[in-house]
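Listed next as structure tokens: two forms of one protein chain, kept apart as structure 1 and structure 2.
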Structure 1
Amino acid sequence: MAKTGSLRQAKLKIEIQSYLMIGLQLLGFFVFSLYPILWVFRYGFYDYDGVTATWCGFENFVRAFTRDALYWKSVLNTFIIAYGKLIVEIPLAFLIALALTSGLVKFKRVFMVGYYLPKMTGIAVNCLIFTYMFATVNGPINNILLDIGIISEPIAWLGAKWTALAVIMIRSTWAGFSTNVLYFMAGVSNVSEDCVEAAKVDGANSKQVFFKITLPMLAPVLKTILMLAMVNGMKVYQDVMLLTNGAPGGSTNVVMLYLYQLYFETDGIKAQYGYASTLGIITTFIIGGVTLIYLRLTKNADEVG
């Protein structure tokens, strides 16, 4: 009896100690993670300028859906940036991953480490270097293009919508492709040698092996990559903030940057906490919706993998 008692006591002690070990973070979860979410969901229904908050029902939502072209423009830009860069990034990462895992490359590590470098130097420095590279007056990129004659006069890269979006995408690809290389490499090395060998014994040629074995086995990896790229792409705004800050005239704004501007009164936009929260809610649902649609569409990929 005494033994079970002390056992129970020891168990209780462990329990208390465990709670203490995660206590601060548990508190942090409620205070710094859950509370802001609830806050946003509450003030989405208020007209709130920082001092007085008045309940306004769905008025903010009506405004967002009917009168706020800038918001939808920024949503569109977000999609353009998130998906546009994938067109280059995914094949590039795939080819590099295949090359690195082909067993023909000796200094695999050197390449991997080198390709990862842009990720390590931080967004502030990277964006500064890119701003300089794509400068209009005597910018290095303009100089190269002028030199080889593709353009006849300097381009104001960050001064027009599409070129600015291109710069944003280039920077983002430059800094981020290596992650996808890593994902693909993990995927390729997960394709078991036995499968490939077995197929070869059965008389499959390299084309068949690639299409019937390697690619289907990479489907789940591709799915994960696309999924992450989508969800993360929707949340990107720091690089846009640093490169163009939405300029010219909000034409390169992305959704999260637009929200940020509404919250933090940048560029003369008056802070509208209530309305910004509404847009936050809508954006969350857009991201969730896109993700769900995507998951639905790629159900097949899962079954193969």
Structure 2
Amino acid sequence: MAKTGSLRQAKLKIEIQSYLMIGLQLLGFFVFSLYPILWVFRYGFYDYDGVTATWCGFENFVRAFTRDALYWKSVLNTFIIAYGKLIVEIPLAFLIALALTSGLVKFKRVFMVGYYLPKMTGIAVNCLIFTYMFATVNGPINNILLDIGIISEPIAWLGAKWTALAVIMIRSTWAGFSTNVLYFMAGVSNVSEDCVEAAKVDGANSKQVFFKITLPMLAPVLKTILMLAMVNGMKVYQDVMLLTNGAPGGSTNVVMLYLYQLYFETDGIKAQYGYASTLGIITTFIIGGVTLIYLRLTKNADEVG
């Protein structure tokens, strides 16, 4: 009996220690994640300005789907930025990862520090650099293009929708591709050397090894990298806020910046917590739907790996 009691006490002690170890994380989850989510879902059905909350049912949803063209334009801009930059960012990260893992790059450590430096530098500093580089008057990019004769007059890069979106995508790619390089390097390092050697013994050349061995084994890694890049791209807003703040005329607004502008009083416009919460709910379902579709389309990637 004494032995059984001691075992129970020891088990209870271990359980208490375990709960204490995860207690702070659970508290943080409930306070900073779960509660805000429930708050948003609640006030999505209210006309709430931060002081008075009036039940309005689905009126906010009706407004979003029938009368708020600015929101859907911001959603479209978000998709353009998120998926447009992937065309350059993912292949660039993959090629750099291959070069680093194959030993083609000399001074590898120096190069790795160099390409990862934009990620370590504050986003405000990065955007300030790009604002200067793409300035209409005396901007280095315009000066170079004028000197080599590609353009005859300076371009207002941040003054028109499509050139501003291009600058945003370039800055986002420049600062974000380094993380994907690390992911790809980890994936390439985990490719089975036995499979590669066996293929070479069977007479496979470097091209065949790459397309028949390396790429298929990287499929699960590529699936994860693409999913993270798409989801993070859908949440972009700091680049837009610091480079254009939605200008000109809100044409470069993205969905997260639009929600920010509704949650916080900007340009004299009164905060609309209830309606902003509704748009947050809709945006959550859009991102979740895109992710589910992507996972559905790539469900065989893990089997290939």
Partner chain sequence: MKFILTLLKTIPTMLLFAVTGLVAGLGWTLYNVIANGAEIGISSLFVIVIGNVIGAYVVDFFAEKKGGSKKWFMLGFLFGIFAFIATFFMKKNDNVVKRNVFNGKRFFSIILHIALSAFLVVVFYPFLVGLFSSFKTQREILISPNILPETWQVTNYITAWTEANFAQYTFNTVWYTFFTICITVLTSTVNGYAFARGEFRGKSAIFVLFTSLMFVTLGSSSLYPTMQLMKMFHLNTSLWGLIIKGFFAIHIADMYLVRGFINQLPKELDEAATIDGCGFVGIFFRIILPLLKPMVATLVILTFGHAWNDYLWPMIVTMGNPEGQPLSVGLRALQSSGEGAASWHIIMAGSMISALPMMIMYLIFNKYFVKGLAAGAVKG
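Whichever C-alpha set is largest while still superposing within 1.5 Å between the two forms counts as the rigid core. Numbering for residues begins at 1 and runs along the sequence of structure 1. These numbers come from a predicted model, not from an experiment.
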**Prompt:** Of these two, which one is the form predicted alone?
**Reply:** 2
**Complete:** A C-alpha superposition of the larger rigid part shows the smaller one rotated between structures 1 and 2 by a count of degrees equal to 12
**Prompt:** To one decimal place, what C-alpha displacement in Å is found for residue 104 between structures 1 and 2 with the rigid core superposed?
**Reply:** 3.2
**Request:** Report, to one decimal in Å, how far the Cα of residue 16 moves between structures 1 and 2 once the rigid core is superposed.
**Result:** 4.6
